[in-house]
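In structure tokens, the next block holds one chain alone, the form predicted on its own.
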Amino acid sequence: MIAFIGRRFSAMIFVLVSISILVFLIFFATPGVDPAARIAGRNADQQTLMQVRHSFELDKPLPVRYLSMMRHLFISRDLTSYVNRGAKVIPQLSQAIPATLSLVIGAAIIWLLFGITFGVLAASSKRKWLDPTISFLGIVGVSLPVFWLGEVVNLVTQSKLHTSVFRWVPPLGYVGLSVNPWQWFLHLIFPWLTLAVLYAGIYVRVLRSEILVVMSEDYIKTERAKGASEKRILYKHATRMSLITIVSLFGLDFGALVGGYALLTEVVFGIQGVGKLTFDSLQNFDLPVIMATVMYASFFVVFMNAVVDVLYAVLDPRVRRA
């Protein structure tokens, strides 16, 4: 098991290094892309461009520039923005991470709770009225765009009924957990629910389908022949085996959302998270910030994939031999 974990995390490091090289080449080695021209502004003369290139080490060979950026990003941690001169990249990212983590972790707890509960309930209620009802609600959840649902929630809670039913709802934004835990909860309760609706609907449908497939396997029929109860078969065998798919799905979803895919939710609810920071950096072509956010997002996606592989091995020992 230890050797399996070591192989997976060694592969993770290799993937992260490859991603960093690829992203660097896209932004600094693509023909026609000149960061110095973007930094210097329009109508800058050649002398100004040369000064900018020298100041930002853009006149050095690509391997030297790559190693220099990685050193400033990971070792000295003093990489500075191209747009906001003197502004450090790491503090900007550090300020955005807690907001994104708070949003995604809270939403993940909600969608896992509802997704697994109602997925199992729907599978165990096949051919009953509860199964099509839960499946219908799952389709509705999957079909509602996050940005639209978020705007509707804001319209109701911040405008239409704010002075009556939702007086307790604070203005849009984010308050840190360490600053005021109660305000932190109040600011995030509706973003959590909005983000969780989509994923809960997906997980309900996926888990229901997986359980029904497993319930038709030969070894389940053998368990029935031995006299095992349907409840025991459902929870001990079918649900456990079906959770392998849920673990894989959750790892990908969680890693992507923490890495910035929660952008629409952050924008709608005024949360200054990693997704919003990445979006603003792309708008301004702030390459150091883009590199930092991409590496951060890549780390979470690759790390969660490695964790999923390890959990696979725990749930199914046959994976360890792969």
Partner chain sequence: MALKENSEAIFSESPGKIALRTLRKDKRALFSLAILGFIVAISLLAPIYSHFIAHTDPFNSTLDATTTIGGKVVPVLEPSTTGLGLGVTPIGPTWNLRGYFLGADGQGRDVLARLLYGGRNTLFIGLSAGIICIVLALLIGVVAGYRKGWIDAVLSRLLDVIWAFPVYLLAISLSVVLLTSGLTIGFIHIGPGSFALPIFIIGIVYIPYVARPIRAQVLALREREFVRAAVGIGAKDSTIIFREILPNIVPSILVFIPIIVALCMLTESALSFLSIGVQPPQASWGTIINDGLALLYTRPLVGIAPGLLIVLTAASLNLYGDAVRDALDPKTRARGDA
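Positions refer to the first chain, counted from 1. Because the structure is a prediction, the values reported are computed rather than measured. Whichever C-alpha set is largest while still superposing within 1.5 Å between the two forms counts as the rigid core.
Beyond what is shown, the protein has a form predicted together with the partner chain; the following relates to that form.
Undergrad: Only one of 236-244, 109-117, 67-75, 139-147 has heavy atoms within 4.5 Å of the partner chain in the predicted bound form; I'd like to know which.
TA: Going through the listed ranges, the match is 139-147.
Undergrad: Between the options Leu212, Leu161, Ala228, Leu186, which residue brings a heavy atom to within 4.5 Å of the partner chain in the predicted bound form?
TA: Exactly one residue meets the criterion: Leu212.
Undergrad: In the predicted bound form, does Val23 come within 4.5 Å of the partner chain, counting heavy atoms only?
TA: Heavy-atom contact with the partner chain at 4.5 Å: present for Val23.
Undergrad: Using 4.5 Å between non-hydrogen atoms, is Val307 touching the partner chain in the predicted bound form?
TA: No - in the predicted bound form, heavy atoms of Val307 and the partner chain never come within 4.5 Å of each other.
Undergrad: Looking at the partner-bound form in the predicted bound form, is Ala313 within 4.5 Å of the partner chain by any heavy atom?
TA: Ala313: no, not in contact with the partner chain in the predicted bound form.
Undergrad: Taking heavy atoms and a 4.5 Å cut-off, does Val152 contact the partner chain in the predicted bound form?
TA: Close contact exists here: in the predicted bound form, Val152 approaches the partner chain to within 4.5 Å, heavy atoms only.
Undergrad: Heavy atom within 4.5 Å of the partner chain in the predicted bound form: which residues of 279-299 meet that condition, in order?
TA: Stretch hits, in order: Phe279, Leu282, Phe285, Ile290, Val294, Ser298.
Undergrad: Rigid core aligned, does the Cα position of Leu282 differ by 2 Å or more between the shown form and the other one?
TA: Yes, shifts by 2 Å or more.
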